[in-house]
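In the block that follows, a single chain appears as structure tokens, in the form predicted on its own.
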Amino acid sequence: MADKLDLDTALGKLQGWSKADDGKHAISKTFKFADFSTAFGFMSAMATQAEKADHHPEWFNVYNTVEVTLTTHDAGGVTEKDISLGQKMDSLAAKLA
């Protein structure tokens, strides 16, 4: 099992992420894209990455917006798995902007 990180430490490794509003030991970010197709393409590409890492995001999509929450459930909070997936999401989102 991965070690749970302090949220401030975790957020220091990412750009534009924040503590989740729902009281969980989780981080969140809202990604906005030009249109639905780009948002859906982002989710499809990230689904492949998440499956390879065996680490799956909580996310919600409406039109061009994708809201993401990351936490490692079996660790009870944010771990390096979340940081890695968040960095991949940031990288892909920047390419799609």
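Note that the structure is a prediction, hence the values are computed from the model and not measured. A residue's number is simply how far along the shown sequence it sits, counting from 1.
Form predicted in complex with another copy of the chain: not shown, discussed below.
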Note to self: At 4.5 Å between heavy atoms, is residue 56 in contact with another copy of the chain in the model of the complex?
What the structure shows: yes
Item checked: Distance check, residue 30 to another copy of the chain in the model of the complex, heavy atom within 4.5 Å -> no
Notebook entry, point to check: Should residue 43 be counted as a contact of another copy of the chain in the model of the complex, where contact means heavy atoms within 4.5 Å?
Noted result: yes
Note to self: Does any part of residue 92 reach within 4.5 Å of another copy of the chain in the model of the complex? Heavy atoms only, please.
What the structure shows: yes
Check: Can you tell me which residues in 7 to 26 come within 4.5 angstroms of another copy of the chain in the model of the complex, by heavy atoms?
Finding: none
